[in-house]
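Just the one chain here, the form predicted on its own, laid out as structure tokens.
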Amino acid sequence: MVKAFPGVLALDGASLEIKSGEIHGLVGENGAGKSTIIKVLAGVYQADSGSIEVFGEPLKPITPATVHRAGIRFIHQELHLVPHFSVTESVFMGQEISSPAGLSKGQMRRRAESVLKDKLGRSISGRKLVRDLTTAERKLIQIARALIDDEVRIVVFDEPTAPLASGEVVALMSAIERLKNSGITIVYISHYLDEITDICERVTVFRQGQSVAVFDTVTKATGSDLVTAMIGREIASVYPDSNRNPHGTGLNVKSLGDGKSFQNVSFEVGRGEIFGIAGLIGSGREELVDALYGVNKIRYGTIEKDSKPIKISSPAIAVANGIVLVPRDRRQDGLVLPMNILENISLSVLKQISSYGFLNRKRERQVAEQQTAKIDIRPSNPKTVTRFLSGGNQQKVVLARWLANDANIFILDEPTVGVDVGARVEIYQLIADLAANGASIIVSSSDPAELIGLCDRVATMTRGVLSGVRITETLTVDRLVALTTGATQEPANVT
């Protein structure tokens, strides 16, 4: 299969062969071509060359309608459910059962409940509203919608656990196993290699638009082999060495609160320190991060930078004080996707590269090329449109923008969500380099292993309260999870 975009060869002769009835993994770095080949399979993109066969039959033409008729269904990372719809309405949306008397609501409800229970192993009332479901239950509703017409033969799962908490992943894995046992073929795409080795029977590895390896037997022992195949080299360690020596105080937060989501939060971040914030959804972690950047209003408390009080009432004021945010949703909040790399990077330095209201194009290109080379954004052509970049390289563009701005306090909210292991290693090293150069780093993450591996200290948030700050040398993943869930009680500060 071959597919090219302007300036990018997304698929370069890639092949993907799935055996009937198996769970087949598809892995690769961001930009390896995984999403592109799935969109070609879905009929969203038209390949420049290549063909698709479904159970030995050529698929022509390749359109969303013909793909659907062939029994192929897609479960995307985004849930795309209407909160005020019922479970029944969500499952049957676009596939309603009707009679001359109108919609057969009772029949649809019973059918929806039956599919959820018999095929996915979960009893959920068809009358329940989507807004009252857990994230895992919403994912099951998404799957039930794909199964409801009984014509499904292949289900493609694209990063299905991304929105799920760790405890919810088990329910999804159980549902996928039930689908396999019923004879449905599964294609499973994930950046989480432990999921790949746990659930998949075979796995194909993509790299730079090509299929470079197929592992016929996937076990825990092949995890390092997958990584090597994905990035074309061995990785000694995911996380960089932590030989840092924080000094002074870069940021000092005192008794901060927004009057709703968090209260009386206090902590310090040293110059050259990587400081983590852990917490479940609803803990106040996300709202605290937004408040530090001026997105959410601070009702009380103070913030000091370099021992001087500052009042952050807007992102513009935060940036003016050298405080910048890499947001958790980079596509929605961090980038202007139709713009190219050059234009996105230069957004933070327009004053510096302009004279009398006119942009100095030469200077703009110099800044973009300097940052692109510095943090290895690929492709290196600064005229590449940002929406065509992989997730890891999009994240690098956001970082490059703030590096060009000479910021010295970086707030990184979920910095590696949707980023493959190779790009993750590079981003971690960039963060460590920033700290080594004296920047104060705050990392807010739902991944306990990431916080322990990357940070010097970690604060835990529970129910809007900062419940403790601990040196990561004293933490394990299990202990950090217990602290964020309230399963264990310990002294408030062990620094």
Partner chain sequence: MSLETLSRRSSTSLSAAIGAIPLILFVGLLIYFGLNAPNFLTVTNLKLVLVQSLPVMLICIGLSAVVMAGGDDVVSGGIDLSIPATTVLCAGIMASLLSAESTGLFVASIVALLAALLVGGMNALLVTRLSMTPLLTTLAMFVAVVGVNNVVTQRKRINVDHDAINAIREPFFFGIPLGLILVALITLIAFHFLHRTKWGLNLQAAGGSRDAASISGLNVNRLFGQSFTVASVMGFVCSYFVLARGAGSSPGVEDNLMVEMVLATFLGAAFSPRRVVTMWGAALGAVLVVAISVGFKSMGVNVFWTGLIKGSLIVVVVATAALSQRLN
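Residue numbers count along the first chain shown, from 1. The term rigid core refers to the maximal set of C-alpha atoms that superpose within 1.5 Å between the two forms. Please read these numbers as outputs of a predicted model, since none were measured by experiment.
The protein also exists as the form predicted together with the partner chain; that form is not presented, and the subsequent description refers to it.
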Does every residue of K39, G50 and R69 put a non-hydrogen atom within 4.5 angstroms of the partner chain in the model of the complex? no
Heavy atom contact within 4.5 Å of the partner chain in the model of the complex, the stretch among 129 to 137, 171 to 179, 367 to 375, 210 to 218: 129 to 137
Please tell me which of N408, T185, T197, S86 lies within 4.5 Å of the partner chain in the model of the complex, judged by heavy atoms. S86
Go through E96, E151, D225, E201 and name the one with a heavy atom inside 4.5 Å of the partner chain in the model of the complex. E96
With the partner left out of view, is K311 within 4.5 angstroms of the partner chain in the model of the complex by any non-hydrogen atom? no
So in the model of the complex, does R244 come within 4.5 Å of the partner chain, heavy atom to heavy atom? no
Spell out, yes or no, whether the shortest heavy atom distance between L280 and the partner chain in the model of the complex is within 4.5 Å. no
Wondering, does H76 line up within 4.5 Å of the partner chain in the model of the complex on heavy atoms? yes
Is any part of 275 to 292 within 4.5 angstroms of the partner chain in the model of the complex by a non-hydrogen atom, and which residues would that be? none
Establish whether a shift of 2 Å or more occurs at the C-alpha of K260 between this form and the one not shown, with the two forms superposed on the rigid core. no
Once you overlay the rigid core, does the Cα of A101 travel 2 Å or further between this form and the one not shown? yes
Core-aligned, is the CA shift for G438 between this form and the one not shown 2 angstroms or more? no
Regarding E78 and G284, go with closer or farther for their CA spacing in the model of the complex versus this form, the difference being 3 Å or more. closer
A 3 angstroms or greater change in CA distance between M461 and E78 is reported in the model of the complex. Closer or farther than in this form? closer
